[in-house]
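Presented below, as structure tokens, is a lone chain in the form predicted alone.
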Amino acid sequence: MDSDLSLDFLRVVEQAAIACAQTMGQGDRHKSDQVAVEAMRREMDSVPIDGTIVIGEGERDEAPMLFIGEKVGMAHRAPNGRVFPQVDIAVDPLEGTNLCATGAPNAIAVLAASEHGGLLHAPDLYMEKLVVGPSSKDVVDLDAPVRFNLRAIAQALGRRVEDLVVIVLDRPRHAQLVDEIRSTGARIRLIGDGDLSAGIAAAVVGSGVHAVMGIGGAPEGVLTAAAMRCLNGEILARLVVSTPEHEERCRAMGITDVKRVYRAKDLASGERLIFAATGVTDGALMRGVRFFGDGTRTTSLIMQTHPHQIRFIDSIQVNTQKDVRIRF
């Protein structure tokens, strides 16, 4: 997969972010998600790839756009038989639909891409997750008690447990987890949505976040894993399979060991990974979309493993009119 595709994927997430940012605060999460999906799909078809959605909006009979298995990119539109690179793509056109609908922080448009076979085809189930940064990635265990993991993270960082900040989704299912974290003296930041953004923050030194714990979506886990591969962080994860129907969905995706603990390299195994995200609303790492009279300004994060580089990109989409003024 050509590394120059990173700029093409940047364009995709920028357009998705701009589209849904226009619905920010309107209280219509369905509309916010819909316009993001439509913009991402439209822009994706201009990318010179033979692309397949492996993490998307659902199965073919459940979602009309960006469904799992859908073909995207120029290959399926080009009549001349031109050969394009095969690319697997995981998308979340709007991570944090509620955040966008209410104008809350940390909504993003995001995708990850890899050569064919480089991203796990994860069913849309829940997943236990533990996300940490580079210093702590070899000292934690998904099955270890919370107090052991937090002590290990603190030692790896040269801090006290009381200095740590752990992000947890604010859900009833996490009541016991929250009690266990609080009993150690560590601090908690409860969030309504957006555990993918939280996972990225945990792997960036200076973000003030040291771990993400709890149960969230498996598709977001794959996207987080792609980010961890680029940031040298780690995610430990296991699917939450509690019914025969869950097991059947796993088998349909080719997953036979439903109790397996995955690491970032398992969830995003590709050698040439690209991760692209654009802020929709203001967040810890990226500002949200800003509209002004002569254009639109976005802040994006583009990462890749080959060559290994991480870029924060501030872009201005300039309106096509006379006497345009650019503000910095």
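Numbers for residues come from their place in the sequence shown, where the first is 1. A quick note: this is a predicted structure, and the numbers were derived from the prediction, not measured.
The discussion below concerns the form predicted together with a small molecule, not included here.
Heavy atom contact within 4.5 Å of the small molecule in the model of the complex, the stretch among 193-201, 135-143, 230-238, 151-159:
Flagged stretch: 193-201.
Position in contact with the small molecule when the complex is considered in the model of the complex, options R182, R82, R173, K71, heavy atoms within 4.5 Å
The residue from R182, R82, R173, K71 that makes the contact is R173.
Closest heavy atom of G216 to the small molecule in the model of the complex, within 4.5 Å or not?
Answer yes; at least one heavy atom of G216 falls within 4.5 Å of the small molecule in the model of the complex.
is_contact(K129, the small molecule) in the model of the complex, heavy atom dist at most 4.5 Å
Flag for K129 set to yes.
In the model of the complex, does L169 come within 4.5 Å of the small molecule, counting heavy atoms only?
Yes, L169 sits close enough to the small molecule in the model of the complex that at least one of its heavy atoms falls within 4.5 Å.
So in the model of the complex, does any heavy atom of E95 sit within 4.5 Å of the small molecule?
E95: yes, in contact with the small molecule in the model of the complex.
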